[in-house]
Ligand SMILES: Cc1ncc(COP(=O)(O)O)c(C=O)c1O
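Only one chain is given next, in structure tokens, and it is the form predicted alone.
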Amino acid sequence: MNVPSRVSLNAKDLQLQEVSVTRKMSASLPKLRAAAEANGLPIHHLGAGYPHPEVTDPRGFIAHQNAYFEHLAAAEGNNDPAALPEFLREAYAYTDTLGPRQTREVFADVYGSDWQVTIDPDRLIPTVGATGGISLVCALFERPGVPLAYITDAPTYAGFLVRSVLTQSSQIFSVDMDSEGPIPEQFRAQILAARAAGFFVPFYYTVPDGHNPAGISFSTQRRLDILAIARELGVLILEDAPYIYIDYNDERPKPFLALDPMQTVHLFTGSKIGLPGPRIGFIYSDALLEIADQQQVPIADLLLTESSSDILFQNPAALRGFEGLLHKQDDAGVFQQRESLWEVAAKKLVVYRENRELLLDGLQEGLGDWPDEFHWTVPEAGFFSVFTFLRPDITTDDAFIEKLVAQYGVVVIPMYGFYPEDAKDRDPRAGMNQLRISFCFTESAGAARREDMRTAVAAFCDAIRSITGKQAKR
């Protein structure tokens, strides 16, 4: 009997990475749920950052997609009903890494119109959601012998934290934030400190609209301040824009892409505006990178090469389905390209805006009598608010989270896991007095959804008052 040989690995060449705080919480939830149920408690969802099922019912999307596919087949002008339409053959065959050109052209037109920026379809590279875009950009700069410093916010998206430190040669230099965004002076200082320590600094990663997890949106002036420093010091801005259409303001700030596409690498995902399952995303930039012999090449060309070595063939059927979302059907059944994706967002915003108001109203009613002890962000976009204990005796560690679930049935996410290690070096209690509260998800719809959200927020407030020894004054 042949015994398979063992692979010998030098431990110093490997490092075990922690999973993100959200995945850690998801893994522990079944046990905590069982403890809550044993105490006769329902579970109140204020932790998950999932798109709401009320606005992601796939049945309407599938029906719309099928009608759009019939429209594409008819547009080919083939009168043989038995013939395989060309678009359908391509949708289930090997295709270019860029995917169907028509999808890119339509998206470039609609998205560019929404944000007043000219988008070249040939520089639009499909990705597996925005997370796939993050991985692609990191992979582009990860080269043997090149120590990398990634600049990001403190706190920052857990998915970026996990991906950015997969190699031993990379390190995060984080920037603290205030209510308007990253602090410009520290942003500059961290770039210079990383370079002084011998690191190459390729980009600054951020989520400027509906920041996950910070629950803020950057002011226009702060965007301009950060952009000016990035230009001066030659650092790209990697702009993650999952919530760019989940915005609650009448006047919306321009994304970095619209402010300067030559300085920005922009990540779009269809998960929030469309459906999360198909994992449609695009990465776009007009930036030029200097390579060997001082030659400048579009970063899009380098990203395409990197993408083709990872995912040679995109999913053209899913991309065509997203293309259908970029079209609307009139009463006569005729498809026309949408003027704006805000038409799609409007239906979703009804649900998210209601949930947001229920959260903010409930927090004010339940905890507003103690402004010196509790604070929460008022999200202008996205799915999250950050709740902060202003008193020093509260620590939002794992035991605190477990107590919230097991004794009160309330699920939230602790903030400490969203802070990079250097932020914890600056402040050992970074995030240890904060919770991320999500208002996007319930398991119900309509009036039941609204009641579930009210009940969940009330349960959270009851729990916080109980833990901190407060009595409701109303």
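One rule holds for the numbers: they count along the sequence shown, beginning at 1. Only a predicted model underlies this, so the values are computations on that prediction, with no experimental measurement involved.
Only in words, not in the display: the form predicted together with the ligand, which the text now covers.
Asker: Indicate whether the candidate residues 240, 272 and 279 are all in contact with the ligand in the predicted complex, with contact defined as any heavy atom within 4.5 Å.
Answerer: Yes, the whole trio is in contact, each within 4.5 Å by some heavy atom.
Asker: If you check in the predicted complex, is residue 103 within 4.5 Å of the ligand, heavy atoms only?
Answerer: Looking in the predicted complex, residue contacts with the ligand do not include residue 103, since no heavy atom lies within 4.5 Å.
Asker: Indicate whether the ligand has at least one heavy atom within 4.5 Å of a heavy atom of residue 205 in the predicted complex.
Answerer: Yes.
Asker: Determine whether any heavy atom of residue 214 comes within 4.5 Å of a heavy atom of the ligand in the predicted complex, and answer yes or no.
Answerer: No.
Asker: Tell me, yes or no, whether residue 130 is in contact with the ligand in the predicted complex, where a contact means a heavy atom of each within 4.5 Å.
Answerer: Residue 130: yes, in contact with the ligand in the predicted complex.
Asker: Just to confirm, with a 4.5 Å cut-off on non-hydrogen atoms, which of 187, 352, 218, 157 contacts the ligand in the predicted complex?
Answerer: Filtering the options by heavy-atom distance leaves 157.
Asker: Only one of 263-271, 135-143, 67-75, 300-308 gets a heavy atom within 4.5 Å of the ligand in the predicted complex; which is it?
Answerer: So the stretch in question is 263-271.
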